[in-house]
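Below, in structure tokens: the form predicted on its own, a single chain.
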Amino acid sequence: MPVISAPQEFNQDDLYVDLGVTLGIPLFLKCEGFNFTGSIKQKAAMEMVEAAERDGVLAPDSILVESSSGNLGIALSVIAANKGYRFVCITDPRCTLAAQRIMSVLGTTVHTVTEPDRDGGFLAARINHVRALCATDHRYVWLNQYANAANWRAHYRHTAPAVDRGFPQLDVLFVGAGTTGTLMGCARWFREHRPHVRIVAVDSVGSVTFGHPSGLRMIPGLGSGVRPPLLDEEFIDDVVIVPEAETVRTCHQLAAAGFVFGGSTGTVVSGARQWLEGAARRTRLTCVAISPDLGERYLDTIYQTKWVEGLYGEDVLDTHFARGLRSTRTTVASDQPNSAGMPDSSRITVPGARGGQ
């Protein structure tokens, strides 16, 4: 496995992990965990804040308020601290202690909603809390990641074009569905610029996003108790639903190979593997999956044996140890595809001509 190194002009949008040998399918993970704030949510957070500033919504005495299960809250905490805004994050018990501590260190006030809404679960309860808070003081500004078009525009402007630069012969893009900002931004861009690319949405069992029954979900990031207002299914080709137990197994499989990713990545990789199981689909496809974050914020949950076994059973990790993994490697996509239509992953290269995102 090569050592990751990068020149001064390194751009995190060029960093991928090649899982093709491991899974027996052509699948590259776009690693968004190397953004400064630790996740893909940095892009949406910055886009929404800057749009609010341009529109005159934010004043010097404004107090940002947002509902988040973790990563957006951290991204907004960094941005608010840097710009001098106060920030209140509304979360719920599924938000990891690590995420809450990071936000607090950055000066964010964290409110934890402890009781789910009868119809919309914790998400609806968080949103209700945000609305009640905003009603008490005109200085509160709710960016509303769930309905804010700047959410998907961030990925239309940055994430999708970056994937296209690295994989000009892309066939399939797998994207997890949370607020659906990443999903819709990427789907809209590829529909406009590369309409042949197949967009596969990956969701969690228990999420109502695509019309499935609501159920208990303990892993933050993907899924929703309320249908996302940003979602337009017309741009999506397929949907794969993944049980949380499979998410955990996949995370541990990846960790055994040296890659500690967050739960959303485990879900997306599991969904991609499920979609690509058909022999006809496996023939010379170039596939990319979006990896939203790394796994260090989940050491007390997904990677804690007692937590996992208490929720999903004592044998949930047995499959991981039985399967094992053959090998993986990390690559930075070059501009030159090989004969299979994939970027050359035999070496690490960072094209110096690429600008930052």
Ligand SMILES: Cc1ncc(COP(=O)(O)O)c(C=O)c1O
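Note that this is a predicted model, so its numbers are computed, not measured. Each residue number is its position in the shown sequence, starting from 1.
Only in words, not in the display: the form predicted in complex with the ligand, which the text now covers.
Using a 4.5 Å cutoff between non-hydrogen atoms, residue 177 counts as a contact of the ligand in the predicted complex. Using a 4.5 angstroms threshold between heavy atoms, residue 293 counts as touching the ligand in the predicted complex.
Among residues of the shown chain, residue 71 is one whose heavy atoms approach the ligand to within 4.5 Å in the predicted complex. Using a 4.5 angstroms limit between non-hydrogen atoms, residue 221 touches the ligand in the predicted complex. For the options 250, 264, 207, 91, the residue carrying a heavy atom within 4.5 angstroms of the ligand in the predicted complex is 264. Annotated contact segment (heavy atom within 4.5 Å of the ligand in the predicted complex): 177-185, selected among 232-240, 77-85, 177-185, 161-169.
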